[in-house]
Every structure is written in C-alpha cells, then in structure tokens.
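Given as structure tokens, the chain that follows is alone and in the form predicted alone.
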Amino acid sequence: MGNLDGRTAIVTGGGSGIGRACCEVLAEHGAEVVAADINLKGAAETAEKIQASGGKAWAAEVNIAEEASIENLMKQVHEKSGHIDILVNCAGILDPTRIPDMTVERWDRMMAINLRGTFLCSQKVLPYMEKEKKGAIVNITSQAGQVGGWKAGINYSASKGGILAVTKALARYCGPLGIRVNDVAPGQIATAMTAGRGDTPEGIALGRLGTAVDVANAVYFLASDLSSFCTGMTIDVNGGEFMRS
C-alpha cells in the first residue's frame, strides 16, 4: 500500500535539509520527485543525487513568497508529468529574534514565506488534484507552533501555529474532493538551518536529536496509502520531548 510508483510529488524546500530528505525518501518508494526551491542549485543537487541512485527526480525553481512563481511551478509540473499526486510544503525560514527586537519587516517576511507560502502552494495545487479526485498534501509545521517560543522567535512560532490551523481547514474542505491534508511537527532536528542554536538531547525521551530522515519517514507515511483514512492530523516527530495529553 505504501508504494508510490506512478505518482508525482512536489517538495518545496527540496534543495536542502528536511526537504531534501523528503525528496530522497519519496523517490526511494517509487515517486517521481520534483525538488522545488528558491535555491535552484541546491534543488538540482538533490535531483542529481536521486537520479544517481536510480530514482526519478528533477529540479524546479520556486519562490513561495510570490503567487505567480507558485502558479508557474504547478503548471510546469503538470505539463511535464501529467498529474500532481503529492505536495510536501517544506520550504520555510527560521528566525530566533527576541520579542523586544522583533520588527514588522521580520514578522511580515516570516508570514509571507512560512504561512502564506504554505497556503498558496496548497491552494494552487488543488485544481490539479481535484481533476484526479485524489491527492495528498503534507505540511511541515513545528513543535514551536504547539508550545510557543520554543528555540525560535515569536514570528516563527506564530507561522507554524498558523500552519496547524491551515492544515485542519484544508482537510475539511478537501476531504469531499478525495484529497487528504496532514502535517508533521518536528522537534529538535539536526540540520544546517538549526546548526549553532545549541540543540541538545536533554529532555528528549529517546536521548538524541532527530534527523531529517526521521521527519521524511513520517511525511512518507502521510503521503502514501498507508494513511488513507488520515486527514487533518499532526504527527509529532520529537523523540518524546513534547507529548500530547
């Protein structure tokens, strides 16, 4: 049931970190992967790595802060592949700015990329998925969006909390269309983006930091038929640092 042969998956932020790991894991399970990123060089490196391993992948440039760029991406992928089956909204930025130092410019940039970008990518892919009466959207949120201010600025926490709400709203709307929408909430994950902020395994039940592949495996589950009766849900990938009641 988890086989993704014949499916096309777009992964925003596919040029590095968790996005690259998602591309690799989805390709390992048979999907044709589009590594989409504002950093086209990084996206191309992801695609080349997958191709070298025998998988199917190609790179595309996208700026998720710009509506026209997102529309162009969806059109490009549909024209080339004929269908879009999976969208992973992974592109985003991190900002540790303290509340007293937060500026309107920092706040608006965060919302434009993390929150509005996630919504717009989902909105623009829906017409293509609706034609097929099926599809899976997986959003990457964060533990910071659940507990607030956790090793991140208030703008980051707010943007990720917003994604949690957007996921639920999309899931309710998309369910009758045959499209599932879920999200993954990573905790402390060792990536280039989080390097240098002092993450430690203290307080993590499993005694280690997470890896990008840990997150990608959860994304694969939600993107595949293994989760065919799951929508509007969040999978926490945090090693037990944050546990729901």
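One-based numbering along the sequence shown. Computed from a predicted structure; not experimentally measured.
Same protein, other form: the form predicted in complex with a small molecule, not shown, and the subject of what follows.
- Out of the listed residues Ala44, Leu177, Met193, Val213, Met193 is the one that sits within 4.5 Å of the small molecule in the model of the complex by at least one heavy atom.
- Interface membership of Asp37, defined by any non-hydrogen atom within 4.5 Å of the small molecule in the model of the complex, is confirmed.
- For Ile137, no non-hydrogen atom is located within 4.5 Å of the small molecule in the model of the complex, even though that partner is not displayed.
- Under a 4.5 angstroms non-hydrogen atom cutoff, the small molecule in the model of the complex lacks Ser224 among its neighbouring residues.
- The closest heavy atom approach of Ile50 to the small molecule in the model of the complex falls outside 4.5 Å.
- Partner proximity in the model of the complex, defined as non-hydrogen atoms within 4.5 angstroms of the small molecule, places exactly one of 181 to 189, 50 to 58, 216 to 224, 27 to 35 at the interface: 181 to 189.
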